[in-house]
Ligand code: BG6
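A lone chain, given as structure tokens: the form predicted alone.
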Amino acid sequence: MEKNKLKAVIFDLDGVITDSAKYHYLAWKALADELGIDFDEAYNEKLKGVSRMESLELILANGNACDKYTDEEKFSMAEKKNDNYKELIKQITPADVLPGIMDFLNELKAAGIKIALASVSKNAPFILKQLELEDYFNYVADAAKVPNAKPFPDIFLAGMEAFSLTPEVCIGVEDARTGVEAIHRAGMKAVGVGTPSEMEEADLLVTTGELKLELVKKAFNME
């Protein structure tokens, strides 16, 4: 089989580049407590890779409260959660970059491979700035302009199309089941860095510390 040349790697953010998921959890937990809805870390797993408004709907559903509020009230709740989250993520520093990610980004940059971010978080640019990683990313997808959230492929397609590339020369890196599905629906191979139970459909499962350019190329028969 002819080898394809790897030309772009498209990353998710939460759980891949850094773990800001804990701040999402704390912000959603504060809102759920205020609404009198049970919400714990186990239920929070359902929110992985899901947009803000969809996350709110899942929390409300857990309290049988979906029909209790108007769309305007729901939007206000989501904004309140996001304001709390934005305060919490001011604590993020370069020390919060997950193990192995800096080395992998440096490998990709040295090899001239394009790097994109495909995060559903509208706060992704701010988090990249806090992590001091802005200069590594050639493209950051604007979550606000992507029509459909994961598991739809839109945000990964946006990264691929920004570089005028085709799926067979791109790979995606994800930690959530919905993200892996989105990568596959975009026609790309998926590297999973999440828990094995979440990553059953990933084409390659590693920890972030195991992410190496040579390993990825070998796994996908790429140059």
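For clarity, every value in this text was computed on a predicted model and none was experimentally measured. Residue positions are given as counts along the sequence shown, with the first one as 1.
Form predicted in complex with 6-O-phosphono-beta-D-glucopyranose (BG6): not shown, discussed below.
Chemist: Taking 4.5 Å between heavy atoms as the contact cutoff, choose which of 152, 136, 139, 85 touches 6-O-phosphono-beta-D-glucopyranose (BG6) in the predicted bound form.
Modeler: Only one listed residue qualifies here, and that residue is 85.
Chemist: Report yes if all three of 47, 119 and 123 come within 4.5 Å of 6-O-phosphono-beta-D-glucopyranose (BG6) in the predicted bound form by some heavy atom, otherwise no.
Modeler: Yes: 47, 119 and 123 each sit within 4.5 Å of 6-O-phosphono-beta-D-glucopyranose (BG6) in the predicted bound form.
Chemist: Sort through 161 to 169, 34 to 42, 184 to 192, 51 to 59 and report the only stretch with a non-hydrogen atom within 4.5 Å of 6-O-phosphono-beta-D-glucopyranose (BG6) in the predicted bound form.
Modeler: In short, 51 to 59.
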